[in-house]
Structure formats: C-alpha cells, structure tokens
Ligand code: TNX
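As a starting point, one isolated chain is supplied in structure tokens, in the form predicted on its own.
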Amino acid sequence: MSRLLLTITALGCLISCETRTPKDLSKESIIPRPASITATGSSFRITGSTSIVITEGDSDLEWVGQYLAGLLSESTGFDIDLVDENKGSESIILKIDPEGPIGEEGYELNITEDELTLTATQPAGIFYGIQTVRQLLPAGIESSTPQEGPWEIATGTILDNPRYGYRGAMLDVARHFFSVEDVKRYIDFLAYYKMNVLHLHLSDDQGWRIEIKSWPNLTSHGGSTEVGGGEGGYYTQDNYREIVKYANDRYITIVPEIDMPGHTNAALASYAELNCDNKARELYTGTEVGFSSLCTDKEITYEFIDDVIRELSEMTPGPYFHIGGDESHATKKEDYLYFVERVQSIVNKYGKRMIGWDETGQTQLLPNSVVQFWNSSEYSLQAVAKGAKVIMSPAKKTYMDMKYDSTTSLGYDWAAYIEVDDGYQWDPAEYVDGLTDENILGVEAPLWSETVTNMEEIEYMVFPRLPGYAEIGWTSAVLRDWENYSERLSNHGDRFEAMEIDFYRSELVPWDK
C-alpha cells in the first residue's frame, strides 16, 4: 500500500510539473520597466479554482481586490472570489506591510508555481503591482469578452518603486469637449502605466467646462461652443465628482486648471463685468492665443476667482490647483505679476498648492508653489531659486498634440515633430542646465485638443507615446534605453488591439516581431 501511494504521489507530481510552462520573467515586456527582476524559470497559472486572498476588514484592499477580480473574470471567464484565508494553491495574495522597504508607491511581487504574492506598504502600491500582473499575462487578459487560456505568469521576484512622485498627463477639454466616459477611458490608460495625475484643462478662450454655481453663465453661455463652432458642453458638479472618484479609486489625483489671466475669452463672453470696458466679448471658436485678459485691477475679478477656486477646491481632494498663467500677451507685465501673486494667495487660502505654467516663475512665488516647464528655462530656474518645484513638460518632447511626422493628419508641428523615439529619449534631470531631480516634482505629458475631436483621435495621438512618458516618470534613467524599450513596446501592440485602442503604428517600433 505504501509503495502504491508513493507511485500515485510521484505520478501526480509529474503531471503537475508537466503542466508548468517554462517562462523567463526577465524577458517579459513590462512598461514601465521595473527596478529589479529575478527570474526562476517556471510559471504560475490562473485557473477556475484561483482565489484572491486579502486581509479581512481592509476596505482599501478589498476594493483593489475586487478591481483585480473583475479584470481577470471578464477575460478568463472564471468566477474569481475574494477570500480572507489561503486554502490552497493557485492563490493570488494581496498584502499590506507598513514596515516594508519599498516606499509609498512601490511593491514587491513574488511568484511561485503555487502562489502569487503582491506586497506593498500602501494600497497604491498594490494597485500598481496589479498593472504589472496584467502585463505578465497574455494580451487577451485585456479583452472585454472571455478568451482562451492558458493564463500563465512567469515565476520570480519583482521589486519596484517610482523615480518621481508626480507622473501625469493632461487632457484639454476646453478646445473640444469630451464626455465623462471619455475622461474615464483616458484615466484607465494612465492607470495601466502607473501614472498618478490627470491634469484637466477646464477653461480657455473657446469654452468653460466646469459648472460654477455662483457664476452659472460660465457654462450656459461660455460652455456652449468649441473650436470650429461645435456644440461644446460642460461637466456638472456631479459629473466632476464622478470623474474625481473614478480617478481616486485608481490612485490618480485630479489637478483642475482654470487658465488665467489670459486664455479667458469664454469667461469674458459670459460676464461683462470681468472686462475692463464692461462689455461682454463674443464667443470664440478659433485657435489663436494671447488676445484675451481678465481685468486685473477690478475687485470683481478677484471675487470671481475666489468663488471659482472655492467651489472647485471643495470638490477636489488633491493638493494642487492649476491657475494657467501662460501666453498672457494681452496683460501688461506689471499687471500680470500682481495678478498671479494675488491669485496664489487665494489658492493657498483654500488649502491648495498653486501650479502655473513656467511664465509664473517671474513672480514672487511661495515655496510650496509649482511651475510647469513647457518653454522657458529662464522662468523655471527663477522659480527654483525661490524654492518652487518644477513639473517637466517640455513642448518639444512631451506635447502629445504634436505630429509624429509630416504625414500625420492631426496635430501641430510648431514645437517639433515628436516620433515615438523622440518622446522617449530624454531625461528630465538633464533637459535644462541647472535643474536636477532635487528640483523636479515629476513629469507630465499634455494633450491639447485644438485638432482632436473624439476618443479615437485622442487614442491615436496618445498611443504609443504615453507608455514612454510613464516610463520616464517611473523608471531610473540608468535602466532606460531605446532599443530595449522599443522591443517591449512592440509587444504591447497586441494589448492596444485587445483594448480597442486606435494607435499609431510607428515604423520605428518592431510591431511584427
């Protein structure tokens, strides 16, 4: 009998071992590239008996676990449950260890043939680790309908932690308006690549897109059109709260921008008293810049700004409020300096840190303020000298509304043609002499929407450049090189297709391989 049991056990082991596909974790196409990967050469398999193990009573971990279960169930067809006790093999274990050595947003992923254990010091790290798990699975995991397996993940260990705390992208909803569902899809793109900031450009000459209850004509009139004369639109405060919650659930901070004192024609058309001559402007549907300005020496202007910042701040849990401040060519310099400094104090009054485009670096900034470098090294260095931090968004490298090349039908080329390699091959700490990581808050890639009118066009301009910006923000510079990155990016083509993303098939990326 004992000999028979030994034979059965050995046969069971042999069958089990035969089902394990040899896989090399170090060869997987993870974007952003992790800090450390150690491969052990086998695989873990998700099956119909897989469960997700979490600590009972941890609401944050429970939400992240449900998020993962939903992703896996949709494409595998398996009914994956959350449990509070590990009762067998093929388990996915999510653990919070507050004393872990991997930082607030870092994670550790340990994968054996029997278990996948994801550990982090904060729930955000678990969420980012889940994005890595998704990328370790076949591309079909991104499908919205059940696909054939097997669902295997290479074994080994990943230790990972981001380079910068601010890793973002911007969406301009002012030039053309995009629906709540479009913004949520954009948020999902950022989350997939471990980005943690969405900057919403909510107002400009062509449209005012956020309901301000104390100034209702901003949206009823100022939000009624867009570039080209289309219908326009705006977010109610409930819409905005829905976007904020959706982003917050994915560990993404919303940064609202109300651009001022220039880029304000929609407001000037909505309320005559915001103009120095008390005459409301006509609505504007063109694409020129630099012609509008709030009246900087009228008290009503600052009452208006106070109301806008107060209402938006009450709905925005993140620490930042963006006041724009760029291309204010119609504002006299002395008026501009006074205006920015006074608005900065209003932002601080409501408990937020002011962000402004790099022109605001000329002013007397408070040490907690932030400038966003897009054009002027001089102004950015002036800001740093006053104690401010810098977000790196050089137009020549990060503006996703720039054409890929001369044949691109959408976008502009005034800053540069930005092919996929151009967008990837630069380092934030070396781009401006005198700016180092000590001064840099992080990286942001803006998408301006003068020529972008729908979700498919957003996708085409964003992909495949967005993953590169995510890697610049997350991965140490010494681990980044174009040849390695382009190979990993090529393997995301199938993922883009599974997500139904309309992406630009750059000839510089070996997609067919």
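None of the values given here were measured: they were computed from a predicted structure. Residue positions are given as counts along the sequence shown, with the first one as 1.
The same protein also has a form predicted together with the ligand, omitted here; what follows describes it.
Taking non-hydrogen atoms only, Leu82 never approaches the ligand to within 4.5 angstroms in the predicted complex. Though the partner is left out of this view, Glu211 does not reach within 4.5 Å of the ligand in the predicted complex, counting heavy atoms only. At the 4.5 Å threshold, heavy atoms of Trp374 reach the ligand in the predicted complex. The closest heavy atom approach of Trp426 to the ligand in the predicted complex falls outside 4.5 Å. Note on contacts: among Glu327, Asp421, Asp306, Asp114, the single residue with a heavy atom within 4.5 Å of the ligand in the predicted complex is Glu327. Of the residues Tyr431, Tyr412, Tyr350, Phe291, just one reaches the ligand in the predicted complex with a heavy atom at 4.5 Å or closer; this is Tyr412. The candidate stretches are 43-51, 22-30, 448-456, 65-73, and the one lying within 4.5 Å of the ligand in the predicted complex by heavy atoms is 448-456.
In the predicted complex, the residues of 383-422 lying within 4.5 Å of the ligand by at least one heavy atom are, in order, Tyr399, Asp401, Met402, Tyr412, Trp414.
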